[in-house]
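Just the one chain here, laid out as structure tokens, in the form predicted on its own.
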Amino acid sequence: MANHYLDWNATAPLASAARAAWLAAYDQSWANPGSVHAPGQRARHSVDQAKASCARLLGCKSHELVVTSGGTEANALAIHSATFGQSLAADAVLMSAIEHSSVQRNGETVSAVRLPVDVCGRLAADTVRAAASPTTRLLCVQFANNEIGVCQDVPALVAAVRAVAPQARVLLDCAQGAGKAPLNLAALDVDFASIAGHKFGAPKGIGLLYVKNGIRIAPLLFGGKQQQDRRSGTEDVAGLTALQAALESALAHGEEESIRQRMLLESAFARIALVLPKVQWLAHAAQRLPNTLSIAHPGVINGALVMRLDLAGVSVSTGSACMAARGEPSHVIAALGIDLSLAKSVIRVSIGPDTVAEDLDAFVNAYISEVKAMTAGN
């Protein structure tokens, strides 16, 4: 049976350009980039070139990028740096209620305040303005949510917190933005931005943290003082080179690919709704990632539905892969305030550059069939 992979927000398949770059780096730049001999300097050159290319694609400067093991470490490093050594008030750290668990759990260590969102998952600038005070030190927001795809109005949120707390830092979680939408980090005027390579076709275990020029980092890891003592540990030359190649490849046809993905999902949902009129697309009214469909139907339990779809050859998820085994609505879905029975039915469909119409055809047919079977007699 063919497998139709529709879980790209969890992880993307390794891009061919990333694979080629990774192998080439291991062949040619395998040495330690901290070494002064010729092989080491070849590796250092590869690191510098990859960072320069990433900076160009992300709208920042290469020295503002710190190589990390992924988005989780990048978020942890940013939150730690923004709060380390400070006397924190109750409103020192603010974040939306739908942040990724790597932001929420690190935020818990500094008693972060979670701000409510609307039914589409949007955080209002007025909400930020009302919650902030002159003692606020950090605002954490996502560029786009991993489960429902909603994009936040980042400039408005940055302006809102700084109107009350000019000294506040802003962490932008770009795990679901990089490679899927154009990013200009300098223009967005954020202080930190986290990037996870495997979300757009790089290998797992490589990421970036953008740190605006002039901001000091309080390291999480101590060792050889690599990366200006911001993150110790020998840089993953091949991983970074592959990340750069994957990012460039993902953005090469960005606008037309976004249109294609949006049309695929809109068509799929329309066909489902013709047969199942009670079906709902969460956050459909909001500005969203073009590749994400968060779909719900009353009377269905999402865990069972995902397993039935998997047996039919269609791979989707109940939401974040980090939290998929918990058997209850995620904190993202709970934050929307929708009816519990509907919340328990939510599944996420997320697609990418390799997704074709046949993949969505298989999903539509399987979803209709399985939902009918699960709601028979209701």
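Each residue number is its position in the shown sequence, starting from 1. In this text, all values refer to a predicted model and were calculated from it rather than measured experimentally.
Absent from the display: the form predicted together with a small molecule. The rest refers to it.
- When you look in the predicted complex, the only residue of 297, 169, 288, 198 with a non-hydrogen atom within 4.5 Å of the small molecule is 198.
- Contact annotation: of the candidates 239, 121, 71, 107, the single residue with a non-hydrogen atom within 4.5 angstroms of the small molecule in the predicted complex is 71.
- Heavy atoms within 4.5 Å of the small molecule in the predicted complex map, among the stretches 298-306, 126-134, 181-189, 72-80, onto 72-80 alone.
- At the 4.5 Å threshold, heavy atoms of residue 261 stay clear of the small molecule in the predicted complex, well away from it.
- Looking at residue 293, you'd find every heavy atom of it more than 4.5 angstroms from the small molecule in the predicted complex.
- Taking the partner from elsewhere, residue 146 is found to have a heavy atom lying within 4.5 Å of the small molecule in the predicted complex.
- Of the heavy atoms in residue 102, some are within 4.5 Å of the small molecule in the predicted complex.
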